[in-house]
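One chain is shown next in structure tokens, namely the form predicted alone.
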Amino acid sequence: MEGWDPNTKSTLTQIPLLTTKAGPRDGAAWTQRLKEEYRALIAYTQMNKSKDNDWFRISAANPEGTRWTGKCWYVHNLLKYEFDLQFDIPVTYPATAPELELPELDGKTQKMYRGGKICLTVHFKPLWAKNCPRFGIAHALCLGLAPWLAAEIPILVDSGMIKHKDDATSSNES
């Protein structure tokens, strides 16, 4: 954690670490891992809300907890930009981090793979590998998606690649 800003360190230390090393194929151990994932997500969400930094909503899209969907948003120039968020838990989880997807941004930035998967290879994947199995979904959002949004959304807005929903509505009405 050396080299990180104090805010990131503080946030990360408040997200509970996970202990169960289990993936979707591991039966009862996966159920235990999912409980830990939910505890960490709840803690991270509550912490964000208490700091007036609420920026995502996700939930498991299937009973097995292998598909997740939701919304994330970023405020730029006092305007809120909201995006669909989705990802699947890899069968090799937790050794392999989930690939976070923002489908509506597909093709709008070079820091994204086909299907709207955000690029996390250089900075995040080594960190995930070093902290396996202690990191989970909440950590992927905190250390993967949050910095990606902070780096990319202002550029996409300023370049005109994405428009605020109010701008898009008014230009469609003209």
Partner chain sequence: MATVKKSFHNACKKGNEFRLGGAQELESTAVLQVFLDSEFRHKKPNFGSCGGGAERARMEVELKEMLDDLQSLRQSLSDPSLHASIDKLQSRVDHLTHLAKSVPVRRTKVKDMSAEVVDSNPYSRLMALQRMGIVENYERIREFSVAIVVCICLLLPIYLSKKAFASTLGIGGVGSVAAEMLTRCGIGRILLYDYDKVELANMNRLFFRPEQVGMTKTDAAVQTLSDINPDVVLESYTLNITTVQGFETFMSSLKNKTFCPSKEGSGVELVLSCVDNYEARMVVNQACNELNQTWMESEAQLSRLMPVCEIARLFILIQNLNVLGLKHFQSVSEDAVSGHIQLLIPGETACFACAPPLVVASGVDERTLKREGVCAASLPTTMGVVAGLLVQNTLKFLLKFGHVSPYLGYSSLKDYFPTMAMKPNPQCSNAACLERQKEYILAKPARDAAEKAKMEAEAAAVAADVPLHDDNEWNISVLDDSEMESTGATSSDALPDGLTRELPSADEFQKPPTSGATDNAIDDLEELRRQLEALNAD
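Residue numbers count along the first chain shown, from 1. Quick caveat: nothing in here was measured; it's all calculated off a predicted structure.
Omitted here: the form predicted together with the partner chain. The next part is about that form.
Q: So in the predicted bound form, is the partner chain close enough to residue 123 to count as touching (4.5 Å, heavy atoms)?
A: Heavy-atom contact with the partner chain at 4.5 Å: present for residue 123.
Q: Answer yes if any heavy atom of residue 140 is within 4.5 Å of a heavy atom of the partner chain in the predicted bound form; otherwise answer no.
A: No.
Q: Classify residue 53 as contacting or not contacting the partner chain in the predicted bound form by the rule of any non-hydrogen atom within 4.5 angstroms, answering yes or no.
A: So residue 53 does not count as contacting the partner chain.
Q: Wondering, does residue 119 line up within 4.5 Å of the partner chain in the predicted bound form on heavy atoms?
A: Residue-level check for residue 119: yes, a contact with the partner chain.
Q: Using a 4.5 Å cut-off on heavy atoms, what residues in 20 to 55 are near the partner chain in the predicted bound form?
A: Read in sequence order, the residues that approach the partner chain (within 4.5 Å, in the predicted bound form) are 21, 24, 25, 31, 32, 34, 35, 38, 39, 41, 42, 45, 46, 49.
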